[in-house]
Ligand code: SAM
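Only one chain is shown below, in structure tokens, and it's the form predicted on its own.
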Amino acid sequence: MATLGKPENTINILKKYQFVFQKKYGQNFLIDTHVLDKIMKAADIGSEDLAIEVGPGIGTLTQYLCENAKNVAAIEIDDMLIPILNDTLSEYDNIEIIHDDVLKVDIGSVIEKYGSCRKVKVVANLPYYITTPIIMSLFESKVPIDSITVMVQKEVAERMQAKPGTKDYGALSLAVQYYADAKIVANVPPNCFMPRPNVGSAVIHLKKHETNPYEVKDEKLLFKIIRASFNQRRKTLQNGLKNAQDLPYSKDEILQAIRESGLDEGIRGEKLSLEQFVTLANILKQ
């Protein structure tokens, strides 16, 4: 039975193992059952699904996953947490603890191991310092993931779901929305964690597109254009692309592509939708 969502049970486990929080791993353990319930509802874990958890900590969310999924693979980097996880998850027979750095794990091989599972869903309370690399690594690896439901810094969650023309809209918004539909499902205050973080948090659900809605001739070029457009937000799109060292286009070629895309010559990158960036990238590729 899942018991670690209650603060007193978390404190008892930490005392039992004399656990010391590692600042370098950005460890903040959830101690609120209402938030755990919201994560599970958003993740929609079925009895035939494989749940992959990044940074299980002491196993708080992992217990919930084990009680709902067919199989759970939990990836933990901290040596000190492995014996704790072996203890707190001892009653479950559908859990595999992978002691490694998630950015070095072959997620495709993990998924293949559980080939009989219906869908693959990533669920995690992510360390804030490495949120974006983990999420983008999962998307870019093209592994067959159905969705990603994660606790992240509130500011980052807002950027992931931001729309064109808003202050939060940027390269991260476009990168995430290229792969998935993004929706914040809960805001979480600092008092829901131990120790308390200095910032607010949010749970965001990223439902991966079943088929990519955009026909892109060159993905690498698309993301180079997006990054260049937001490197200097106050510059026009035209100047941002002209100044980008990794884009091999002349001023005239960039201006012609902007015109062909049906865009105003003085437009800024923050005003373009993902679809407009795709159109521009495809024209430049020609």
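Numbering starts at 1 and runs along the sequence shown. Every value quoted in this text rests on a predicted model; they were computed, and no experiment measured them.
Keep in mind that the form predicted together with the named molecule is missing from the display, and what follows is about it.
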*The unique member of D78, E155, D181, E96 whose heavy atoms fall within 4.5 Å of the named molecule in the predicted complex*: D78
*Given that the named molecule is left out here, which of D106, E210, D100, E215 has a heavy atom within 4.5 Å of it in the predicted complex?*
D100
*Which of 122-130, 88-96, 201-209, 163-171 lines the interface with the named molecule in the predicted complex (heavy atom within 4.5 Å)*: 122-130
*Could you confirm whether Q27 comes within 4.5 Å of the named molecule in the predicted complex, counting heavy atoms only?*
yes
_My question is simply whether G240 lines the interface with the named molecule in the predicted complex - judged by any non-hydrogen atom within 4.5 Å._
no
*Wondering, does S229 line up within 4.5 Å of the named molecule in the predicted complex on heavy atoms?*
no
